[in-house]
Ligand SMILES: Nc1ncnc2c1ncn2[C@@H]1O[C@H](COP(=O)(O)OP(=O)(O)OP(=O)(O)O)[C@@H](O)[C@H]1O
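Just one chain follows, in the form predicted on its own, and it is written as structure tokens.
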């Protein structure tokens, strides 16, 4: 048994164990190298839950601070902040800027104290202080654009960022930074999300015009929130490079597991890995959960078929209460969306949409059924055939474990529907 478990599903992946995403990493590095030369560049990382957005951000922060020639000798002053549900952006940016000052040298702190007066007292920023607050009314905060976020707040934030950038530019050798990298995670939680894009575009454009373009914002959130983010200022899209994270291809998924196995010197069969790794569907968090369980069940430092089977079952049960709980209701009475997923799980292969609709005899295209399943990522379409598939084989295992532990499942109508579809696909594999 390994001395420790290198897989940690409850934390972001360490840079040493990060795998895949090479194309995205190269794109980010090239843009940060431009920011280093005074050309601002912002990013949007978006995708489903568990797709690896935060892990990529953590690696980006590592590269940006590394001073490593492999990563273009980057040396940024960085900040990471995860937005709380319902939080106003004023408090987010205030917290971020206070994080940055905690890392600044004393000369830069003295500059901020001299230049910003009451806005910066005792080493901390306080936006909208002294009788002015951003929360004028809930209705006003819901308005898109700069009006909703308040002009004075933009001016204060711009003043602070200007003085931080001037301070790090004027710092003595050894205390200088290439610029600022600010990562804002869980942006979908922001109460005033519709005004943020315009605010950030306005700030970075003004800094750029004033010769202080050494700044980059990385915004992270679910795909469905990105429309809201840009709703207040569609032209702000030009100021952001969008990185849409999807499931990893098999080779990159294998790299996630092999890096962990190699670190603790656990043996494995490459051919079996080629087959079994696909159960996670290329989802980084599912891969971490699977890898963690593989190390836990192994007793002889060699991953065998029994270890795989036990680990897959354990991972499926664990994910029922975590990632998969957002895709499937494992506690309530099955609705049509659960019936669709039950049928796909039982069939075990891709199913043509028309065949599924015909056999179920129901409107699977109602907004709360198939469209919602596809939007959430619970069900996807095969890119070649257009047939329907479940999120992953691990998700299928979680559903089957749930279905067959319930008494009377075999008599459910969707069970008969699944049997009919299996028979039709066996007899007429090209059925539409």
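Residue numbers count along the first chain shown, from 1. Since this is a predicted model, take the numbers as computed values, not measurements.
Here the subject shifts to the form predicted together with the named molecule, a form of this protein not shown in this document.
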### Query
Which listed residue (54, 387, 376, 41) meets the criterion of a heavy atom within 4.5 Å of the named molecule in the predicted bound form?
54
### Message
Considering non-hydrogen atoms and a 4.5 Å limit, does the named molecule approach residue 24 in the predicted bound form?
### Response
no
#### Entry: Distance check, residue 222 to the named molecule in the predicted bound form, heavy atom within 4.5 Å
yes
### Task
Although the named molecule is absent from this view, report whether residue 414 comes within 4.5 Å of it in the predicted bound form, heavy atoms only.
no
#### Entry: the named molecule contact at residue 13 in the predicted bound form, heavy atom, 4.5 Å
yes
### Task
Establish, in the predicted bound form, whether 48, 256 and 284 all lie within 4.5 Å of the named molecule, using non-hydrogen atoms for the distance.
yes
#### Entry: Stretch from 285-293, 339-347, 320-328, 356-364 whose residues place a heavy atom within 4.5 Å of the named molecule in the predicted bound form
285-293
### Query
Within 23-44, which residues come within 4.5 Å of the named molecule in the predicted bound form, counting heavy atoms only?
none
#### Entry: Direction of Cα pair change residue 226-residue 394 in the predicted bound form, magnitude 3 angstroms or more
closer
#### Entry: Relative Cα spacing, residue 275 and residue 394, in the predicted bound form - shift of 3 Å or more
farther
